[in-house]
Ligand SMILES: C[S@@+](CC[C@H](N)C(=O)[O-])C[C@H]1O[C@@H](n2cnc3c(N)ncnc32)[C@H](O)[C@@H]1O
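Only one chain is shown below, in structure tokens, and it's the form predicted on its own.
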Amino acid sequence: MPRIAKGAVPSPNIWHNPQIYELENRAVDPDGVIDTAIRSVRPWTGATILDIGCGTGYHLPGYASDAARVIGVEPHPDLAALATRRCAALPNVTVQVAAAQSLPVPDASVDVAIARWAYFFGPGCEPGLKELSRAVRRGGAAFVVDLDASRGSFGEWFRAAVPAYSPRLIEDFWSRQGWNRLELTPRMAFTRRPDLEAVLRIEFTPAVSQRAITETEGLEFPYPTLLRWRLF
């Protein structure tokens, strides 16, 4: 059993199915809607970027092509090792094993911090938000890319799979924290039907995943997303 960083909340998908989650990463937002929205708030050219919950490092090379320095933080050592190997030829990328509650960076050293689908459920993540306030320098920004469970078929499937989840309570939490929000609707698009079905199976309970597979025609569907951010 790998030594998971203290305080980490287990991921129900990538921790157990990294190969399938790789298919999901490839499918999400082929048009770059999310990154365009992030850059419109705080450009990252020449910046220091912190990717919180970077997993296998899928997004690190993209950041590295434009940023001065990229730091990936991942609480699961096996995933962090995959991220390190992925970025071995990129001198401006480092990956460290750590949780969002204890970021391994100096005070006021980060320009742009991004957590994609990694730390987004609201109440309980206050320690991580406090760490962002420590780590992000003045003029920087922090972003959380979050599922919008209040919209679309994907939102319906998520609520069916996690009936205790309340979009209203989550919104109340983020509003109290003083974060901004922007609704986005990127696509999730696949090239093979088996890949689409495999991804839906790791996202939901068996009954809900079968419903999602049945209700999805073709190779893509809208993926309702919330971009949350705070400027420092």
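Worth saying up front: this structure is predicted, and the values here are computed from it rather than measured. Quick note: we count residues from 1 along the sequence shown, nothing fancier.
From this point on, the text means the form predicted in complex with this ligand, which you will not see here.
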Complete contact of N13, A99 and R116 with this ligand in the predicted complex (any heavy atom, 4.5 Å): yes
Touches this ligand in the predicted complex: Q210 (any heavy atom, 4.5 Å): no
At 4.5 Å between heavy atoms, is H59 in contact with this ligand in the predicted complex? yes
In the predicted complex, is there a heavy atom of this ligand that lies within 4.5 Å of any heavy atom of Y21, even though the partner is absent here? yes
Proximity of P186 to this ligand in the predicted complex, heavy atoms at 4.5 Å: no
This ligand in the predicted complex has a heavy atom of only one listed residue within 4.5 Å, and of V112, C87, L79, L132 that residue is L79
Residue stretch of 32-40, 174-182, 159-167, 50-58 approaching this ligand in the predicted complex, non-hydrogen atom distance within 4.5 Å: 50-58
